[in-house]
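Below you will find one chain, with nothing else, as structure tokens; this is the form predicted on its own, and questions on how it binds or moves follow later.
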């Protein structure tokens, strides 16, 4: 048995699945101020009268880190940054406790200027005096040689709760994004650590012995223990859960738009032959551009419980949500009230929904029925416009899927897949407005939690080889190996796959789900005078994002 749980802005969805399909599904209200209780409440409900020793894994998707960043509830972080020649790192300042220091490494990984230990010691003293508990350390070319970052971390010692070196977060070169990535990981660490401890202790107390995994923004999972090193990977894991929940049912030969319509937001994505698109550089959230690997999604503040307003005779929906629909005990009209009034939704109090539509109709100068129809149409129209704009934006840039770069590829969706609580209510109208066939994903109300439950563990490795300097390195993994001048691209590929396999197993993967591939392979000759003195090789490999091997057996009963 597998448990999948997805924390949404309105509800926390939980599923229990086995080889026969969906065994149990649960929805509990999400308490944004206490996500721990929402998670534990959902797990309690879904595991009632179940022998928890039969559960083989638990996968959680949480909005905790996303909410912390969106609301600005971030811990103060000490940042120690060195760059050398080029842009002044002061441009990328993240806050008050940001220090630019001596020391630099060039693009080949050679030291240009050493660090000054006394400077770092003085900074550490200031940070401790100011009560700083999390510190980020970033050098411009640390992925080529992390020796400066490692020395700084060593000088900082054990007087801080969390220290993250920039070379550990990504093998990609991008100094500004690396600073932002390290900063966000450090800034959400304490809130994530508290959540981590509470969930771990509570599940163990309830008798769960199965591995606990967290869904990442790239649609893959990582063990709960491993997630504590890089809590920023869980940013936007909710939209990733929705995408993975739609994958089994998408077209195998065309492109699909996916919409997860929730109470607070709607998440939109595109699949190409069942494969999600990837943000090639990393997540952008608020003011922060990062190197955090993520699926390409758009989340808009438009959901079933969005507040309906009328100003100067103009209808507007959202972005605020102040509670449930009036039909479910709330105080303000919402699109859900329109659905209940139009009898497209069976649950809910019809009389209260009627009151909501009378209120809106009075402001619009029309009947309650006309008001409900206008709300219904406007909601679907806005979703369709955003989806079309997303496709246009995708086609204006190179297309990257989680498996490959598609040169000159143009996305032309042939279907719309909808999931989420009210998905079936909107399906026919969305088809009419978008001119696309619309399919409701099986078990649409909890498809996001199913996506979390069935996602496989993902990870990647970037291997650098400099045969002139006779070294192979994967700084993210603290791996270094001497090589000779005969070391080839083929050798590099085999070594990278070996490292990746080990990392995947340590991150919680099962051997049968480790489907590896090369995503980048480059080689440059280094020439001095008229002679080739060595080769510079870069190989990037990944475990393909996708679903665990059992997914077809589990989902076939629901199709």
Partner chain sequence: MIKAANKTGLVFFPAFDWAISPTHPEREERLLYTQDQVFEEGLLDVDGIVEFKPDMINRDDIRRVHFCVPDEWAVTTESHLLSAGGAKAVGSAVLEKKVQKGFALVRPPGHHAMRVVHGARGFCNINIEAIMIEYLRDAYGVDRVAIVDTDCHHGDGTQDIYWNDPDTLFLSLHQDGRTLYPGSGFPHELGGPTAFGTTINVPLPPQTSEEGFLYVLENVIIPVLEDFKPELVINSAGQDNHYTDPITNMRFSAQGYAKLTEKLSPDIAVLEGGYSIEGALPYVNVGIILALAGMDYSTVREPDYDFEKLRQSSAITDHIRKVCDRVMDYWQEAPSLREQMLDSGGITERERTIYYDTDNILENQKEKIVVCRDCPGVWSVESWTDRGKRIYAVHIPRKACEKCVDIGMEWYEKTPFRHFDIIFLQDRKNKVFKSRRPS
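All values derive from a computational prediction rather than experimental measurement. Only the largest set of C-alpha atoms that superpose within 1.5 Å between the two forms is called the rigid core. Residue numbers count along the first chain shown, from 1.
Absent from the display: the form predicted together with its partner chain. The rest refers to it.
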property	result
Its partner chain contact in the predicted bound form: residue 176, any heavy atom under 4.5 Å	yes
Contact label in the predicted bound form: residue 207 to its partner chain, heavy atom within 4.5 Å	no
Its partner chain contact in the predicted bound form: residue 25, any heavy atom under 4.5 Å	no
4.5 Å heavy atom contact, residue 53 to its partner chain in the predicted bound form	no
Proximity to its partner chain in the predicted bound form (heavy atom, within 4.5 Å), stretch among 317 to 325, 398 to 406, 237 to 245, 339 to 347	398 to 406
Listed residue (354, 168, 439, 140) with a non-hydrogen atom within 4.5 angstroms of its partner chain in the predicted bound form	140
Contacting member of 381, 289, 481, 309, with respect to its partner chain in the predicted bound form [4.5 Å, heavy atom]	289
Complete contact of 85, 91 and 527 with its partner chain in the predicted bound form (any heavy atom, 4.5 Å)	yes
Partner contacts for 292 to 326, taking its partner chain in the predicted bound form and a 4.5 Å heavy atom cut-off	none
Displaced residue check between the shown form and the other one: residue 405, CA, 2 Å or over, core reference	yes
Cα-Cα trend for residue 402 and residue 509, given that in the predicted bound form the distance shifts by 3 Å or more	farther
Cα distance between residue 519 and residue 393, which in the predicted bound form differs by 3 Å or more from this form, closer or farther	closer
